[in-house]
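Following this are structure 1 and structure 2, which are two forms of one protein chain, each written alone as structure tokens.
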Structure 1
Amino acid sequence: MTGWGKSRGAITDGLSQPVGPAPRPPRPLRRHRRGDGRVALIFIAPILVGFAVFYLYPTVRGLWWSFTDFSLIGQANFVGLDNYAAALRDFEFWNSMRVTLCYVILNVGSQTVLALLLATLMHRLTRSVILRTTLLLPWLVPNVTVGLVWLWLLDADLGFVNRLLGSMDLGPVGFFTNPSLGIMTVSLVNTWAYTGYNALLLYAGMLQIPPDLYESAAIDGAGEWKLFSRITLPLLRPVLALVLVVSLIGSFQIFDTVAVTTKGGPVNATRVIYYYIYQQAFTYFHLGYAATMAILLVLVLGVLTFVQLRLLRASESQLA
């Protein structure tokens, strides 16, 4: 977060310097030699504007709100660290963090294992583009649609899955309505949506591994399991780590599926942190408090990313 203080100055520098008339004589000379200053400003101006207005300004504003009692209407009064203290005491905040963590572990865990399996199968068996395209389909569909379709498939009365279970004399299962099943169902629905995408990423990583390695190992009599555990897995580690980082961060930001299928219920059993922040901001209009929780989430994600990138770098140096 300390980076933001610096960034404010840097951006204004970048904007003001080439625009204003150069105060000192050496500058135009150098710019002339390189010939880029003015042109570069025109090239990056849209980006700087977009960044300043929709990334930098809201970051500063959000930070400020976290120290105020700002609600959507009216004045923001400075309240010091009250919001942070409130968040740490708020049972619902901790509950939503716990629910999110459950979701992340179930979702990232299952989807990474399945994606690894799928990628390995594709790598060893087929190069079919049609197969890969089909596996990618769920990723291209909006999460809202995914949520709706599975809400219908898993409906307690009329859903196909429960009809199937019913025909096997297994009572109807309230996949979304049973508090102890809700978050697992949401996790697995998103596993369905994202496994193919992750499998393609891992598959691309596997294509980078020199094929001769497999061939010479196969000549030496290595079985498929040996090929996987001795060649694929170790050489895939950087890509695997990258996929894990990306899906972990994405997974923490689950919102759409919950908003469509369970709305955080039953009895808050699926109220993930994104949904709780959303409710605090747009149902109760506690924008100051919502901003505080968003900052706490940023901190959690920052720590996780840092740890994971360290692991990633460690694995890369091992390979080099």
Structure 2
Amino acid sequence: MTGWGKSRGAITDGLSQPVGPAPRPPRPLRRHRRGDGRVALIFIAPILVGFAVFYLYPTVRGLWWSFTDFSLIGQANFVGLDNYAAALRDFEFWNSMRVTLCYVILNVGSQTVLALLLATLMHRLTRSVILRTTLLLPWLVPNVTVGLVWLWLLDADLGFVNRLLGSMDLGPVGFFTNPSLGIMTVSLVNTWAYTGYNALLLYAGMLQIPPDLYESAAIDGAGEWKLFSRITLPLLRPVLALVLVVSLIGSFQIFDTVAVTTKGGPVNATRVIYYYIYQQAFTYFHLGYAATMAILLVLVLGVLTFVQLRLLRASESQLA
């Protein structure tokens, strides 16, 4: 037939030259960078080694100790779940958890409210670098130093605060020695130390909110409270969730401020769970029992963090 050559499907032009099917476009060259994985592994190797040595190994070791009667003065013997049963029956353990929970509520609540207030004032009124640096200074001071400074300031006999209260005939107040005020005082000390840092985190989140939203709402007659409640707070949810989770975990780990101020007193009114674990491990040498309480604390923090993230819907953002 005219237009067909000998080969099946071959098409000929006017000069009876066979023309094959249309050529396929060339495939893009795939560059296999086989060395990238090795280079990345080299860069993260120090972090992995540090994590394995200082976090993973102590965690596994502590988990094993929680099933033993290990102490610094004897051989560790496997006791199964006896330590966990003893912890659940230990009144002092539950009292320490209660004190810690009171501290967490006071500390996280006060930090979050003050941090939101400071971040909003910076966002709406001023963006001074000097102000932001000043807010960060208390966070840069070690907790032991913060605790000692406030211990001297609030001393019932020689403290500046009590001298000032005495000049107003309000009498000396035992901030750290009064069982009713001890945990509240420790909470306010750490609130002073960490509020500025949380405020900067929230302020950074507020900077991600488009200014057009505030301008449009202001044109419609919205005041500052409506701008905060209808725009800032909903769009700040992921950052606020981060701040709350970090504050919650950090508050449960309170130790150094208590260790240098009240040492768990008076009458165990400020003996938080970390300090109780420390006492069991290095005062009474019950390292197996201390490891058990530490594992229980990890489980409690895991559950609280999961619930907190789900309730705050931290993975969702209305800015997307």
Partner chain sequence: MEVAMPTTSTPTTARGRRARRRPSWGRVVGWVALVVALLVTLFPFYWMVRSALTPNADVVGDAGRLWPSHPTIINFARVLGLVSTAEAQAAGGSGASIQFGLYLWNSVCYCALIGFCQTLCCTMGGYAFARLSFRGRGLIFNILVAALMVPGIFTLLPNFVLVRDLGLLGTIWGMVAPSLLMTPFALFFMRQFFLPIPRDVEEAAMLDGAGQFTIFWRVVLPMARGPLITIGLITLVWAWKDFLWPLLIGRDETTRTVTVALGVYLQQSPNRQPDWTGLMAASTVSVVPVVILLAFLGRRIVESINFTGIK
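C-alpha atoms forming the largest set that superposes within 1.5 Å between two forms make up the rigid core. The first residue in the sequence of structure 1 is number 1, and each one after it adds one. As the structure is a computational prediction, the values presented were derived from the model and not from experiment.
Between the two copies of this chain, it is structure 2 that is the form predicted on its own. The two forms line up on their rigid core, and residue 41 then has its Cα shifted by 5.4 Å between structures 1 and 2.
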